[in-house]
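Have a look below at one chain only, the form predicted alone, in structure tokens format.
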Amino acid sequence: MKAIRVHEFGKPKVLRLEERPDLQPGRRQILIRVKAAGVNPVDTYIRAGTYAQKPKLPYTPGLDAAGVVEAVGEGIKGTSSGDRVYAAGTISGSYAEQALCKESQLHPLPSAVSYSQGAAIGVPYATAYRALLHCARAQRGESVLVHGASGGVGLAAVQLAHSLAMTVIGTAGSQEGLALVSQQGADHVLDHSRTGHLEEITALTSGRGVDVILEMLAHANLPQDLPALAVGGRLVVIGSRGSVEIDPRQLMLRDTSIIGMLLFNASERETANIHSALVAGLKKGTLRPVVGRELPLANTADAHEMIMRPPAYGKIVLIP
């Protein structure tokens, strides 16, 4: 099989397309034929060697995938060859023609959802769900600002919030991104490349501010976010690329909270709950993953370059 391998941590050029032996499932393992693999920012941090946990070299990158079950190992029940699935995590890495997975990492992929869309579910949708429902404890009818809404996590958050009948305000940095965010269910869209864009929150919320903020770039936006929160508001930090200074009085004035979140801290029970809800949303059609770019496996280095450059527009997917 063909697979991307990393023999040393570093820049995208360390991603090499190689020929590898076909995989075989061990006990309680499932082998899938990968039809599409999702690219996430965390993949780039791991590849660069800057992530807290480093895999043993050499390794095949990738957490998310979608495909067809090819073989099942001893002890597996309820999963058969030919089943359409999406993977939220793998044992062997998803940037390859085959991937080994634990039973708990695989979830049914409804027939109306393409393989490329399936590869866009794992990290982005689980992150958005955990941030909005588990961390912020968002309630039906509340308001939410998705700050950075045109990327994979942001669009997932917009769709989830819209399905909860929340008032959704989404930001993006391009006209294409703003149009996409609006199409996916945002009630209001703001251009975050424009200075002072958060000042419009006051008018959009009749002066009370938003109940929830999901922040994708906290080091750049956090100080400006805090005055936009309503009394009792909750801000969830999903992404940050550096340190930032804030005025704690902004929290005191409104009894607001800042909550840090990392998807990989979710318990097995929380993870099962998340994906049960996501599969239900996919079947109902309330969740519709947006694929921005499809690239061949040979262009993985390009994909890693693209995902770190604004503006974001949907999910980047690799096709083996």
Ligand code: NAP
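Since this is a predicted model, take the numbers as computed values, not measurements. When you see a residue number, it is the position in the sequence shown, counting from 1.
Absent from the display: the form predicted together with the ligand. The rest refers to it.
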So if I measure heavy atom distances to the ligand in the predicted complex, which of the stretches 146-154, 203-211, 102-110, 77-85 falls within 4.5 Å?
146-154
To verify the annotation, which of these, I30, L278, L263, V34, has a non-hydrogen atom within 4.5 Å of the ligand in the predicted complex?
L263
Can you pick the one in S163, Q183, S174, S114 that has a heavy atom within 4.5 Å of the ligand in the predicted complex?
S174
Answer yes if any heavy atom of T90 is within 4.5 Å of a heavy atom of the ligand in the predicted complex; otherwise answer no.
no
At the 4.5 Å heavy atom threshold, is G10 in contact with the ligand in the predicted complex?
no
Report whether the minimum heavy atom distance between N221 and the ligand in the predicted complex is within 4.5 Å.
yes
How about P310: is it within 4.5 Å of the ligand in the predicted complex, going by heavy atoms?
yes
Using a 4.5 Å cut-off on heavy atoms, which residues of 236-258 contact the ligand in the predicted complex?
I238, G239, R241
